Each structure stands twice: as structure tokens, then as C-alpha cells.
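Let's start with one chain on its own, the form predicted on its own, as C-alpha cells.
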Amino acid sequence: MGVLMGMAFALIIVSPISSVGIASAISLTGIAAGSSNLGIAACGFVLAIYGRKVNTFGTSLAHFLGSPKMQMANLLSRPRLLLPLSINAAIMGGVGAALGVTAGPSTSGFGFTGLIGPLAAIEGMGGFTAGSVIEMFVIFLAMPIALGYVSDFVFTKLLGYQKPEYYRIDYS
């Protein structure tokens, strides 16, 4: 279930649909909500990493601090780019389910945005302790970033499946 929730919400966050709205409407809670947040976080980090060579630092930062929706036009014009994104989200959603990462209905669907997903995960771990903060750091930052770089290497360098130019955000 965590794998599917991660993938589903990663695809929702890059669509015109509101991930927070969907999560609220269905009262998404518990591990499913935690996995949705991790799928969205993975999506944001992977899009920032894939486009880092062609976008400004601020634009890349906005992918996971603001919203991966800014890549909607690029992804809709090349739907095959949803595959690497979905794989990353599936892995992180599965990790979240395996580790019991949780969130509530009012905190699911945000991913990393506003630190809402990570803060909800810490609350689900029993509150702010050194261990929960470190675990959150590893799960919401270190793992998605490492996975994003591995994925970038595999899909860009090894397979030639994508190019950084596919992720360029053009403001003109």
C-alpha cells in the first residue's frame, strides 16, 4: 500500500489536482498519509535534481520547498518522464510504510512543503527527540536526495532515457 500511495500522490502533485485536497477529502491518515508525504517529497527532490543543470538554484529549491507542480507542463508534454519520478516515489512510499511513518488528515499530501510532512512524521514518532529528528532527516532528506542522484545517473547517463533539458523551467 505504501508503494502505491507514494506513487499516486507523486503523480497527483505534478497534476492540476490538489494533493492536499484529495488527502483531506478522503481523510487520509496513518501510514498511508506518511507514505503519500514521502512520495511527494521524493518527487520534489528528484525533479530538483534532474533539472539542476538547466535551472537556477532558486528554481531547483522551489521544487521541494514550494511545489513540484511547476514541472507540470514539462511532464505533460513528455509523459514518459513520469516513470523515473514514479519509481522514486514508489521506493520512498515503501520505505515509509516499512518504517511506519505516519501523518494525519490535515498533514497528508504536503510532502516536504513547509516541513509539514517531516513535522507530522516526528509527531507520529512520539514527538521531538534527538532520535526522531535524526530519523526524519534520514527519511525525508538524505534518502530521497541519494535516491534522486542514483536515479539521475541511471536514467540520464546509463539509459539515456532523459536529458536535463527536459526539466528546464522557462519563465518567458
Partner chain sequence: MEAQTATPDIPVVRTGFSAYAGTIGSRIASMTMNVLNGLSVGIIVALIPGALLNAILKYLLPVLPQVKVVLTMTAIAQVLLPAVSAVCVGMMARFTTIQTASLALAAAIGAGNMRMTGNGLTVSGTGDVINLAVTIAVGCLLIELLGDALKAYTILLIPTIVALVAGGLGLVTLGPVSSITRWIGIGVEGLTSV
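None of the values given here were measured: they were computed from a predicted structure. Positions refer to the first chain, counted from 1.
From this point on, the text means the form predicted in complex with the partner chain, which you will not see here.
> Which single stretch, out of 130 to 138, 26 to 34, 143 to 151, 45 to 53, brings residue heavy atoms within 4.5 Å of the partner chain in the predicted bound form?
Heavy atoms within 4.5 Å of the partner chain in the predicted bound form occur in 26 to 34.
> Does at least one non-hydrogen atom of residue 62 fall within 4.5 angstroms of the partner chain in the predicted bound form?
Output for residue 62 is yes: heavy atoms within 4.5 Å of the partner chain.
> Is residue 159 close enough to the partner chain in the predicted bound form to count, meaning some heavy atom within 4.5 Å?
No, residue 159 sits far enough from the partner chain in the predicted bound form that none of its heavy atoms falls within 4.5 Å.
> Do residue 114 and the partner chain come within 4.5 Å of each other in the predicted bound form, heavy atoms counted?
Output for residue 114 is yes: heavy atoms within 4.5 Å of the partner chain.
> May I ask you to check whether residue 125 falls inside a 4.5 Å heavy atom distance of the partner chain in the predicted bound form?
Flag for residue 125 set to no.
> Within 61 to 93, which residues come within 4.5 Å of the partner chain in the predicted bound form, counting heavy atoms only?
Heavy-atom contacts to the partner chain in the predicted bound form: 62, 65, 66, 67, 69, 70, 72, 73, 76, 77.
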